[in-house]
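Below you'll find only one chain, the form predicted on its own, shown as structure tokens.
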Amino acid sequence: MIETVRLTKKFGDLTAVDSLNLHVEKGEIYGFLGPNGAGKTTTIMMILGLLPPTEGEVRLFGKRISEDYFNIKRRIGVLAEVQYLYEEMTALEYLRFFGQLYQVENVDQRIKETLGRVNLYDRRNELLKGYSRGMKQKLGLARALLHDPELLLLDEPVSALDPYGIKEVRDILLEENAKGKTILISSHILSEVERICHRVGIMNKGRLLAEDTMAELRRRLTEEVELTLELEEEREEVVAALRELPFVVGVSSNGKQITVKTRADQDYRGQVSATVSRHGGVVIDLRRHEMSLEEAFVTITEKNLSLLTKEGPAA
């Protein structure tokens, strides 16, 4: 659905996007991640044909965007991070205007359905200048969905929303994906990306460092796994035995509670539990804490970047 081939954008001496090879497959939800200034928005602008590349090319639906610009754009729905709306219009007038541009059939019925999905139908006759930022964000999503596009490009789709609004948008995106829609999401709310995306691509300084499934990225980012055990009773010999295991990085205990840090190359819970049993301990509870994407990328550190690139960059 989206393919970029050595896509590059330079602004004078600054290379904002550097030889980017991005692949988004039909029917997937793709998370496009990276710190501020990584080149994500510049990439999206080039994908949409709003910014010409310095080098390389963009293909959408298997075609160069320059080959069939207007027909390709009709097949895309876009939500920008900040909504610039016609504030003297009502929501109904605003969507009717875009419905006419996209030649949407049964436009009033489609508007009713779409506003209902974002929980704004009861506010349809209010002027947009009175809308909150979150309401404007949801109206922007309604506009992106109005013409039933095959591909959605969403830049920070839940940034202005409260938890209820975030869940609303998440459910809508999952419903759209279940219908076969392809979705690219650029977001800093990594917990949401982790919940719904099939694959993610991570950019830094204009280059794509990694492009993979959530499980594989977590594996590459995680050097250690933390196991928390609760024993029936305190046993010092169990703690000593756990420290001797070759895959254990560290052990700490507080009475019946034991925390074991292991290498992340495989799941060691069975061997830990067996060791406890051999030394007379009884495990009441054993939990494995997996690093979330948000924990790993709240700030993309140099350490994280080296972990991503040690198996070779995706670009």
Partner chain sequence: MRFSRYLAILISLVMAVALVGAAWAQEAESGQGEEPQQEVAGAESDGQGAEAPSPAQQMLESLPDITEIATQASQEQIGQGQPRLEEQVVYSVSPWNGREYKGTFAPRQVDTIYLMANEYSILNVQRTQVYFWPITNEYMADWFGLREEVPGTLEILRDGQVIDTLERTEYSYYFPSGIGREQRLYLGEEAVRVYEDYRNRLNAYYDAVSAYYEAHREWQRQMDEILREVQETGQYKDPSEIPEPPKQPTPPTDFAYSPRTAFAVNLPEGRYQVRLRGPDGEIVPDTTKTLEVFDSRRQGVGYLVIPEHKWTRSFQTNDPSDILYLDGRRVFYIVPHHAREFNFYQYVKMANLHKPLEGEGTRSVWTWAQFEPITQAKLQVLHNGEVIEEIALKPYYVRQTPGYALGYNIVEFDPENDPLLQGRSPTFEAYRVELEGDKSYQLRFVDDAGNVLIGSAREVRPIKSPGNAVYAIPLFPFAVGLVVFGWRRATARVGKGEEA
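Fair warning: this is a prediction, and the values are worked out from it, not measured in the lab. Positions refer to the first chain, counted from 1.
The discussion below concerns the form predicted together with the partner chain, not included here.
query: Is Asn125 one of the residues lying within 4.5 Å of the partner chain in the model of the complex, judged by heavy atom distances?
result: Yes - in the model of the complex, heavy atoms of Asn125 and the partner chain come within 4.5 Å of each other.
message: Please determine whether Ser159 contacts the partner chain in the model of the complex, using a 4.5 Å cut-off between heavy atoms.
response: Because no heavy atom of Ser159 falls inside 4.5 Å of the partner chain in the model of the complex, the answer is no.
query: Looking in the model of the complex, any heavy atom of Asp148 within 4.5 Å of the partner chain?
result: Looking in the model of the complex, residue contacts with the partner chain do not include Asp148, since no heavy atom lies within 4.5 Å.
- prompt: Closest heavy atom of Thr90 to the partner chain in the model of the complex, within 4.5 Å or not?
  reply: Yes, contact at 4.5 Å.
field: Which of 125-133, 192-200, 170-178, 238-246 sits within 4.5 Å of the partner chain in the model of the complex, heavy atom basis
entry: Going through the listed ranges, the match is 125-133.
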